[in-house]
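Take a look at this single chain, the form predicted alone, given in structure tokens.
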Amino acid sequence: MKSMRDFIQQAEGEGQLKRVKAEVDWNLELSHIAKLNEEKGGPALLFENVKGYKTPVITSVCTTTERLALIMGAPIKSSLVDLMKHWVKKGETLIPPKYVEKSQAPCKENIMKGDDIDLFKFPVPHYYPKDGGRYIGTAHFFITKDPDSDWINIGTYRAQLLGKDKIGTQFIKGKHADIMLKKYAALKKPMPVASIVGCDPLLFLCGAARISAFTSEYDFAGSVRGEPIEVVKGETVDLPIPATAEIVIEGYVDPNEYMEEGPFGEYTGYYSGVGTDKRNFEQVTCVTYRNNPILWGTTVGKAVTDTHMTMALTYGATLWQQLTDMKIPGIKAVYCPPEGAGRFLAIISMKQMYPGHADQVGTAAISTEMGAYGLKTVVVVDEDIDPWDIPRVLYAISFRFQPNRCQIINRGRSTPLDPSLPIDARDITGRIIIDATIPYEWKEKPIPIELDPDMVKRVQSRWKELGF
């Protein structure tokens, strides 16, 4: 798979995509159809007849594990945890991208510059009633480059359509794009950027992941694909652009210029604020796009949407990988539920090997790059509990957890989108580490009830005789 069109072909072949041929309004109607479809566990939707436009919109690409498996090249019946294991294993050997000639890059089929630039040419949805406007960047990513090195970053930050040649940015404090923008501010230079709307969906997954600083998401995506991602140079910015991208929005972000942006119906199930905020924006210098470009969007909003599935996969796998890199023994599995957007809650199953081992794992989780940003609750369970088996996790919390063994950390880095904090005080969050294990150092441990294995075999041999 190298493009969104490859995904559409494969998903349609697997019965995972539906073409919507009836006319649908980009203003609220499209997003509401997509949201209701997602709540029913429905297929990806390709809206082929958007009111006032000739080009399509695709939504709900990542809402099921089957479609995530297609994107990652894994068996279609893989579980979310299977995909996390796949992510961790495949990401061990990085493969840098490969430049191709412009003649080999479909993203260059059409080019708009100067006065010809008009982003309203594309069927950008208005998602929720109280959104500040239309959002061209929901299932997209920004490409940025560190001015001090060769580090290329791919990061997903929402982008509001602010004008025919302007889109918003939300480079949250401490995120990689924000770190880079601060460097450009010190240099008194604008930062070159490119927004990619529609591409190989794996690149979006990587852009949504919390991959470590100084590691390019292109390199990681190449490792998952098993071959280099094909890129081409931008027209007005010296950045590597995915050769098969549907829509490429090139431009610059001036660190000292701002426009009013927001609010937006975020993945927390709440609006990002009560009004607009001043944010940096991209001044567009060029737009390139494929013939009949496909705009990719996500409804975001309340869980579970493709945003939450994407974050559960990429955040959980990244946390697992970073814990593995710490060489902490005994970790069996890591699960960050989509209901928690993959970021606020982590459940870790482990085999205890020494006193304090569970505490080490819990504190390590909030000290990883992924966990240090927004992770509020860590639940550590014994190896006999699968972390994705929520009823068994609740069993462990009920019968193995003691409140006086939990750890409360009063100060940690928060996300400004966390609705459990006041809107004007979202820089710092509290954390809790719940040790739902039987302590390793106990000399007398509770004796678990286990079925007699011989009797189990006998009963199973009589199962049909017993009328089951």
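Because the structure is predicted, anything quoted here is derived from the model rather than measured. Residue numbers here begin at 1 and follow the sequence given.
In what follows, reference is made to the form predicted in complex with a small molecule, a form of this protein that is not presented.
Contact with the small molecule in the predicted bound form, defined as a heavy atom within 4.5 Å, is made by none of Ser31, Phe120 and His126. Taking Phe220, Phe281, Tyr315, Tyr289 one by one, only a single residue has any non-hydrogen atom within 4.5 Å of the small molecule in the predicted bound form, and it is Tyr315. A heavy atom within 4.5 Å of the small molecule in the predicted bound form is found for one listed residue only; from Gln321, Thr138, Thr244, Ser195, this is Thr138.
Among heavy atoms of Trp87, none comes within 4.5 Å of the small molecule in the predicted bound form. Not displayed here, the small molecule is kept clear of Ile390 by more than 4.5 Å at the level of heavy atoms in the predicted bound form.
In the predicted bound form, at least one heavy atom of Thr298 sits within 4.5 Å of a heavy atom of the small molecule. Pro293 falls outside the set of residues with a heavy atom inside 4.5 Å of the small molecule in the predicted bound form. Segments offered: 380-388, 148-156, 247-255, 281-289. Contacting the small molecule in the predicted bound form at heavy atom distances within 4.5 Å is 148-156.
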